[in-house]
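Only one chain comes next, encoded as structure tokens, the form predicted alone.
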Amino acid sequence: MAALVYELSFLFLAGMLALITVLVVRRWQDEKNRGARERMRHRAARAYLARIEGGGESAAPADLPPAAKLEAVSHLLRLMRGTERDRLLALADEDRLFDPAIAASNSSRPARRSEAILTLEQFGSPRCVQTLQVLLANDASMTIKLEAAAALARLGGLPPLRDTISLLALEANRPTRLHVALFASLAATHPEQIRQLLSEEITPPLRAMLIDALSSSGDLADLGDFERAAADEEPEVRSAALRAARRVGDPRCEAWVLPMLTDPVDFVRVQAAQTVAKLGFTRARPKLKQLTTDESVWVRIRAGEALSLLPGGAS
């Protein structure tokens, strides 16, 4: 029995020693490979800098692997601005460094296409932007289309908003929170396009999404659009107007927010109660007291909360 225990202990120790040896060798190889990768990256970076300055080779060194060139470009992009950055991206396109990501954008697997979008956005060269635009226009997955649209928005390469709405099929489908976030990110740079869309005949869900997006910019020039939305025949648009009032926080909203405490739709009354509380409209107190006996339990709860939040408490 003791011999068996000794034998098992010996085998265990031998196994542990072998494992430690493998880990040490692997770590040594990783460090050795890391040093080689760093040297290749530095060499590629120097080559690209020489080409940008116009005194280097007409092409990148052929013996450097594409991965080293891509790492060098990624590093240099963080240091460059303006025409130098544009020149570097043009050289990377010329060397076809983004071909693997562009090829992955045609994969049958959505996960690979999603990974490709991350790489294409990271570099944002003309070919990368063009590939993202193709995904937005032609991909079969609405999720991939939305990811491509978000990447293009961050790169400043989205088509006009009317075309983007059409490509994302938002006239026929209800917008999600991701769509709202996308258009909110565009409100600061394309407010005139959003205002133009609001003046057209569009579906109520789309109108509500655009009101939500426009209010995220905090531009007080949009108060007129919010007031008109407050009188819309669709309750979800009226609710969006109340959310907009809470975001901009302008006291001039009081004139059209207070009447919405008597809206015929209960979830609009809920939004109105939350809005007067957030903006501190004390003139709403009498109507809020009436709403504490509303037929809707949610209206009663929000009205009570609003009273407690207004100056002077629930008295």
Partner chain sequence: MAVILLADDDDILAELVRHHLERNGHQMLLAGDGEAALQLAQEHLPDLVILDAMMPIQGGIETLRLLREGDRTAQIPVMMLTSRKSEDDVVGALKLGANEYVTKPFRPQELAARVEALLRFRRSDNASS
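Residue numbers count along the first chain shown, from 1. This structure is a prediction, so every number in the text was calculated from the model and none was measured.
Below, we turn to the form predicted together with the partner chain, even though it does not appear here.
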Fill in: Gly82 within 4.5 Å of the partner chain in the model of the complex, heavy atoms
yes
Practice prompt. Using the partner position in the model of the complex, report whether Arg46 sits within 4.5 Å of the partner chain, counting heavy atoms only.
Written response: yes
Discussion item. Can you tell me whether Ala50 touches the partner chain? I mean in the model of the complex, with a 4.5 angstroms heavy atom cut-off.
Written reply: yes
Worksheet item: Does the partner chain come within 4.5 Å of any heavy atom of Ala187 in the model of the complex?
Response: no
Worksheet item: Of the residues His42, Arg285, Arg252, Arg246, which one places a heavy atom within 4.5 Å of the partner chain in the model of the complex?
Response: His42
Worksheet item: Which one of Arg162, Arg195, Arg228, His75 is close to the partner chain in the model of the complex, taking close to mean a heavy atom within 4.5 Å?
Response: His75
Item to complete: Specify the contacting stretch among 231 to 239, 130 to 138, 67 to 75, 207 to 215, defined as having any heavy atom within 4.5 Å of the partner chain in the model of the complex.
Response: 67 to 75
